[in-house]
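Same chain, two versions here, written out as structure tokens and called structure 1 and structure 2.
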Structure 1
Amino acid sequence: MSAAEPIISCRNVWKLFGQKPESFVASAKGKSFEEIRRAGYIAAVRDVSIEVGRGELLVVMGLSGSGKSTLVRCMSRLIDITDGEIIVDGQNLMSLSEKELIGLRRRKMGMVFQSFGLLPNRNVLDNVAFPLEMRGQDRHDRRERALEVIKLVGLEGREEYFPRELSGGQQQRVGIARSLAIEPDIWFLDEPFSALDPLIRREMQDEFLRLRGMLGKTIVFITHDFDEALRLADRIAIMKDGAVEQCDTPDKIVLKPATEYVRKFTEDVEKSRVVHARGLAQPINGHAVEGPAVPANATVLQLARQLVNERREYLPVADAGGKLVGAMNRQEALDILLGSA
């Protein structure tokens, strides 16, 4: 689903930590993470080229220290990149002046943080209204809009509470509301739910999916949790040692891992829950396809009963509009379901 019109595009982005990284970055190119580290630098982001389409939800995954947060902070220019370029909505991020950057954030960007980043001295209402206050909106408008988003995230009635009077899940709702207050086009979320316990996390994910459906924003979402990624992602980028190993749809990542690392990473995943009929659909060239079609967005697991009872060798796959997108090999699907012998 890589969109035709990218809203964020990173080209050969580097971020090195260490002494005077600008002078070193030229010689870092082509070197491995280890070699760079031996030279005294940490390659938090290493030659990353990636595009995020308008309205797409890109999930960034990887082990701790693989550079996920750094990459996303480069995209919002919370940190300056060492080399390469990042174009956001047609503007080169690194060439923006401080004023332009502030303008961009006031109009287009929102971010949710792992440990919430709420201002302790402000109540919920004032925290949510904070970005509006910064851009100088008048008090009345500010309040109205803040109440609107507070309602959206389900915190009605707690407007006057202070952050320390709220539970973790509620605090994160405040963080989400704040990031949505300015109606951003681009929404960054850095492990927004990992500080929450599993039950609340699940609830927040559902909440998040609901918001996403309503708002239709471009989203970059960091997580550690593969299940979470699969529930949410249009595409997943898997990072290791600062580099993106593979960036693809969940189906492709599971079915065709680009590297050994990605294969290991996805090894334990229950493939039948990830792979959709669409992902298995092959062009219909010459196969005899007949009978009723299966929906393209059904997972193999959801089709399990039918697959077992079915006699046809190829099943037609149709999208929501009833249009045929291809044919699925039943044996291949069964292998995914039962594990290939």
Structure 2
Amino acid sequence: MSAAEPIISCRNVWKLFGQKPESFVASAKGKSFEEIRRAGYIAAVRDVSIEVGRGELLVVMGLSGSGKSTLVRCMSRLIDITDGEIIVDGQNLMSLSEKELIGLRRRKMGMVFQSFGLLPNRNVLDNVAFPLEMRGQDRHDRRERALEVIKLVGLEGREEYFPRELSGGQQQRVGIARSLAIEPDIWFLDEPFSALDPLIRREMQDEFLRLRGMLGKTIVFITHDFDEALRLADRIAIMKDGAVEQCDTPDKIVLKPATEYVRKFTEDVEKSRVVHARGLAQPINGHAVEGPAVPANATVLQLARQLVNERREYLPVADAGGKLVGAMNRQEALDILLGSA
């Protein structure tokens, strides 16, 4: 559960594919994916309850066929759910008329997909301005806004280029700029970097983190790459057979996987690079926590030298503003760094 005010709430959401799924969904509740499949249905999303906090970056991940893309398409009502409820910024998506839904998407939602979907006969400027044109904005205003977001994603000077004249990473930047042009509150990204080579993918992740820091959007990001999820996410929801196996912070997923399936995702992760001081912070509860605090956003690896040389049993942990958030047990951090005795 997100601590921030929820902007998206999914409550017991189901998406079944098959003949008359609405008449079967009551029977599906409590059944496994295989039991539902043997009955002639595919449970693409299976009884999912999840919230996305305002300003949060939630990564939804899983292997191919796990249901992650279907869930996000349900969140934006690109497809209708079979059962359950999805509330977006206080509005029940399933109760909206087509006109109201289009209005909500145009005002509040930006979407970026794996295929860039650029219009080949339009240059960068016109591609980015296209959703504003569909919204009915006048030419001068949409050009001004398009130029603004083109600069934001680092493509200034390439406004007149056509998609065929751009690299894959540049084309993806155009797709990101186009989705940002409408100034969405909620940003859906479905494996936006998976078609890129590793070097460009890393650069795009860096660019994405920079934009995220500047813009403060609520983001739902789909990937099948666990390293990418760990690098980007506030929380990660891991899906299997249409259901969410675990939804938690990267630190907690790595330290305390809820299921055997989640454990397999985390078993090869170098925990010291992922686990932060805030993930190990416990309530102070009378522990002696004298001396300087360690930063909450520092990883165990970044604190390695201090942990080895330190003699205090508990180290105070402070956020960026200097406020104490708890105390970290030094031995627990050393066990992550060096392996338990």
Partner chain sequence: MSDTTVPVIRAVPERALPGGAAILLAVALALAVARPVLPELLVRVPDWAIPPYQDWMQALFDFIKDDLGLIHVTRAISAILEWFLDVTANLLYGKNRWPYLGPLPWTAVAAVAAVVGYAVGRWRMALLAGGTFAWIALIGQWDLAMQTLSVIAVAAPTAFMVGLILGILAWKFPRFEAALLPILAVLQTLPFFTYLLPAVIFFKVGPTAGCVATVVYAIPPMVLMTALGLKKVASEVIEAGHMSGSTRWQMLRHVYLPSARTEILVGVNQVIMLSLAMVVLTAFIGMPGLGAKLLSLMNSLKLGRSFEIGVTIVLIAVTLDRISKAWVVKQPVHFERGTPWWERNRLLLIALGAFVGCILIAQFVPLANEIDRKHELSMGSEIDTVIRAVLANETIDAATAWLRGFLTVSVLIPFRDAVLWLPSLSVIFILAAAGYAVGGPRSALLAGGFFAIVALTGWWDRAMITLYTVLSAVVIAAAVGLPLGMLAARRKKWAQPVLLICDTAQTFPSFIYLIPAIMLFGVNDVSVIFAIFIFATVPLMRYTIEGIRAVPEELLEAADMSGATRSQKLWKVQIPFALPTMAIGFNQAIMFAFFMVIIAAFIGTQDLGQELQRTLAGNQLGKNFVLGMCVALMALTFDHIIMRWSATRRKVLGV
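Only the largest set of C-alpha atoms that superpose within 1.5 Å between the two forms is called the rigid core. Numbers follow structure 1, counted from its first residue as 1. These figures come from a predicted structure and were not determined experimentally.
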Do you think the form predicted on its own is shown as structure 1, or as structure 2? 2
Relative to the superposed rigid core, does the CA atom of E313 travel 2 Å or more between the two structures? yes
Does superposing the core leave E183 with a CA shift of 2 Å or more between the two structures? no
Would E100 count as moving between the two structures, using a Cα shift of 2 angstroms or more after superposing the core as the test? no
Let me know the CA shift of F162 between the two structures in Å, rounded to one decimal, core fitted. 2.4
